[in-house]
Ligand SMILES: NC(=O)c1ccc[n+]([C@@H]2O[C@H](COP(=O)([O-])OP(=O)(O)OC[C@H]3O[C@@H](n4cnc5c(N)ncnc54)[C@H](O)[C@@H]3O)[C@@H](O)[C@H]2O)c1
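As a starting point, one isolated chain is supplied in structure tokens, in the form predicted on its own.
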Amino acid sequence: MRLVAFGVGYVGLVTGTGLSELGHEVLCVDIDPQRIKDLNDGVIPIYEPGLTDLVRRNERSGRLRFSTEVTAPFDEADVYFIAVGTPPGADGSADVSAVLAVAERIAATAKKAALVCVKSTVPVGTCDAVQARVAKAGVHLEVVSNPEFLKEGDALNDFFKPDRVVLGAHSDDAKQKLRDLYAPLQLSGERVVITDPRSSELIKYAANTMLAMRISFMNELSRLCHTTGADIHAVRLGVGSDTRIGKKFLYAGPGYGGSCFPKDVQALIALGKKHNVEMRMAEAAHAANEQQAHFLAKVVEDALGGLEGKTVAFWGLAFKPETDDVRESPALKLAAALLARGASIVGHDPEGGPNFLKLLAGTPGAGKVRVTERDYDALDGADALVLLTEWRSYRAPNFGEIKRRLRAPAAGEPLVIDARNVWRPADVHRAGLRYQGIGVPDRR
């Protein structure tokens, strides 16, 4: 098929590249000329394992192109994908103005009947609004919903081996065309979920919010463990052994972040308010996540006996491993809290350092933050190390080197705070360091 993907951000670029790899002819379009120039020059705007090689291979084949305009023959595409951002407004609701702007552009561009496929995460009813926009086109355009379920850091695997492909469409012709499009991903079994567009739109919000609720509940339990002396590891194993619950997304930590969970949870809450339905579970998940950031800041402050004049090293600035995305990351929230209490921050991340500094620029205390190119260099003279992102390179560190680099307190041992609970306390203690986990008793 001949396809057009509007938006070369995370969703659009991965989707367009993945579809070109399946043999389709794809044009990726974006209004940012610099981003398009970079892509045409071989510069990939996001870090995603394996994506650079896949983009370059399909560019060389001629199946994948980048442009600011839809030109022939792509004005006769079979499917137009909308994969632009839907950022949160002041009340948490999703701003779909970019989605509707693309719809207007498609209506003015398309020269033959086609599908308009909304991949952006949008509130219920958005596809209806898009359909109204494209109705003015001179050809028949049918709008369908096809939400993305791509995990940052593992997006290509999610694209080529999806748990499910959700398709929200009305006509049988649209359903069949979408089935044909995704047929190469169905070779090992049926993964397509066919529904109506409104249900499809809600599925994405429901899935992300349910996962966020699991994380937030475990984080609440970690705070209870911290107070009572219970062990969150034991609680997780005991709870996860119940087959009705399962073991995934039961890890306590510094809270969820990124471009999806925080935005989608708040958008679901706002959608409920718009329709006079209280989304109390979603509200609780969001409140618990915000509280976890304050809890971690208090853990650091108490462990150091105050923060004024102290330097705290962060390992991990991205919200999760294998991405450079620092949006809503625990590191950003913790940095803001510690800076407000008089601390300085020295951070390291394999990919997210520049984005971390960019997002902090202009905020109070930003001048007291720096990022190092090498992980251990962030520790020199710091009063404590906080592990915030479980990159593989941090999982088995040289604790002796950590002790050598950290500033020794007047009494006691240098401090490490394992906000991901990935280190074994015994290994940390053996190196002459003080260990503090999240909801984990300090058992020597």
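Each residue number is its position in the shown sequence, starting from 1. Quantities reported herein were computed from a predicted structural model and do not represent experimental measurements.
Keep in mind the form predicted together with this ligand is missing from the figure; the text below concerns it.
Practice problem: Given this ligand in the model of the complex, answer whether the residues Val29, Asp32 and Val102 all have a heavy atom inside 4.5 Å of it. | Solution: Yes, the whole trio is in contact, each within 4.5 Å by some heavy atom.
Quiz item: Among the candidate residues Pro123, Gly365, Gly353, Gly85, which is the single one with a non-hydrogen atom no more than 4.5 Å from this ligand in the model of the complex?
Solution: Spelling it out, the residue with a heavy atom inside the cut-off is Gly85.
Quiz prompt | One residue of Glu322, Glu328, Glu148, Asp231 in contact with this ligand, assessed in the model of the complex (non-hydrogen atom, 4.5 angstroms) | solution = None of the other options qualify; the answer is Glu148.
Quiz item: Looking in the model of the complex, any heavy atom of Gly18 within 4.5 Å of this ligand?
Solution: Gly18 lies outside the contact set for this ligand.
Quiz item: Could you tell me if Ile438 has a non-hydrogen atom within 4.5 Å of this ligand in the model of the complex?
Solution: Because no heavy atom of Ile438 falls inside 4.5 Å of this ligand in the model of the complex, the answer is no.
Exercise. Look up in the model of the complex whether Val428 has a non-hydrogen atom within 4.5 angstroms of this ligand, and give yes or no.
Key: Outside the cut-off, so no.
Practice problem: Would you check, heavy atoms only and a 4.5 Å threshold, whether His226 touches this ligand in the model of the complex? | Solution: His226: no contact with this ligand in the model of the complex.
Quiz prompt | Listed range touching this ligand, judged in the model of the complex by heavy atoms within 4.5 Å, from 72-80, 128-136, 114-122, 245-253 | solution = Flagged stretch: 114-122.
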